[in-house]
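Below you'll find only one chain, the form predicted on its own, shown as structure tokens.
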């Protein structure tokens, strides 16, 4: 079957910009990337040729239509990025958070703005620096169209590697910043986290922007947790109101490991967060939390897949959304339990708070269970602010706006309290407050 004839794919002339971008990418990759990375990009380009842009005729894309992305006229960012000052990048740093920092501007690494870590047992390297690096080891690009496209357009990335028995004491903050130079561009950030046996590491990954550029961000984050490792990953997205953002987070856990992932979605016009977690060893623990706060006509789709492959593991998944104006949320959560994975505990919850009669949520929880000795539950609720709680607060002299904000914060608190970095928790709460006071305050 030809690629352009595949059911559910957008054919030419929409998406014609991709071929031009791929040609430029191949030229740049041959000059900057090591041979292994070039091979990965070549393989991904072949996969992309078979998958192409998805459409809502595909079940997994039923409620999210990327036609605007396909119809856009996009290109790779300029070879020379914008030059920024320390003050300009400072607004995207988390106050009071002591951390190392890696900054990418319009897809290009900025040595000037970065603060590299120096702890023994921790290695942070760029893809363009060459050497043997495990980028693409989890093959996220083999089945997901946008992951294939991101890998085919690969330009640079970061590998965080932690040796056996090393506890990294300082979090690592990776900032992907888009400027006005990203207008009509496609950016492909890539992060690989490799946690050795019984190691510990915390990574904060921010996708942010200056100004109102319209661009496409295709970040891929891959996590490989060895036996007994603990990884805390926080993904924060507050991009331009006109930005498109399709992320892929791919996690593979070995025996006795713990991976906690938090996804915060505040910006962007159309956002899709694909998360794939494989519990490939016994006694694994996976936590997957998310919070979306939307206004105007924003659209955020969280598509998660948790796969229990071995027995006696636990996964807990909790996504919440706050939707105002004409914004729309989508949640598709699939939990698969193999027959061998007895004694599995899996919990999934999706809750939405609609602040406007024009806001909406589509939710699709799914359980695929082949084992018989398990505890698996899922639930979804969609509602408005509690009228009785609002009346209680108003009757005690609290004005409507303050009462409303209080209840919204209370709704979001279950996700926020699970954030183990207190400065980051306060930072996210501040962003939430700013949105309540500004963009969604009139709802």
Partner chain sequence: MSTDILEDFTSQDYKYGFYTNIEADEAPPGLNEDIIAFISKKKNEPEWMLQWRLKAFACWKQMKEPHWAFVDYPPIDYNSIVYYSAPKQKKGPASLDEIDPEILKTYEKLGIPLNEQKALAGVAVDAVFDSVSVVTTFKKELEAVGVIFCSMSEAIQNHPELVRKYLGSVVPHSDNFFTALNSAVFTDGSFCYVPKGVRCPLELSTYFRINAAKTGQFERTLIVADEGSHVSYMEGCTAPMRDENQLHAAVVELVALGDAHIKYSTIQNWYPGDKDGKGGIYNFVTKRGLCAGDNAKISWTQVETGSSITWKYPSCILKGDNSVGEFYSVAITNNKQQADTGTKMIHIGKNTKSTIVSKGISAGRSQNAYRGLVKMMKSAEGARNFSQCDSMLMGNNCGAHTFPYIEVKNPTATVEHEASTSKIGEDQIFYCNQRGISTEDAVSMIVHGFCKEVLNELPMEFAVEARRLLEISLEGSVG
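Numbering follows the first chain given and starts at 1. On a predicted model such as this, the values are computed, not experimentally measured, just so you know.
Separately, the form predicted in complex with the partner chain exists; it is not shown, and the next lines address it.
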| query | finding |
| --- | --- |
| Selected contact from 117, 81, 365, 311, since only one has a non-hydrogen atom within 4.5 angstroms of the partner chain in the predicted complex | 365 |
| The unique member of 103, 231, 162, 354 whose heavy atoms fall within 4.5 Å of the partner chain in the predicted complex | 354 |
| Non-hydrogen atom contact residue 411 with the partner chain in the predicted complex at 4.5 angstroms | no |
| Heavy atom of residue 339 within 4.5 Å of the partner chain in the predicted complex | yes |
| Residue contact check: residue 406 to the partner chain in the predicted complex, 4.5 Å heavy atom | no |
| The partner chain contact at residue 50 in the predicted complex, heavy atom, 4.5 Å | no |
| Site check 210, 400 and 423: each within 4.5 Å of the partner chain in the predicted complex by heavy atom | no |
| Partner-facing stretch of 41-49, 381-389, 28-36, 413-421, counted where any non-hydrogen atom is within 4.5 angstroms of the partner chain in the predicted complex | 381-389 |
| Stretch 26-63 - residues with a heavy atom within 4.5 Å of the partner chain in the predicted complex | 59, 62, 63 |
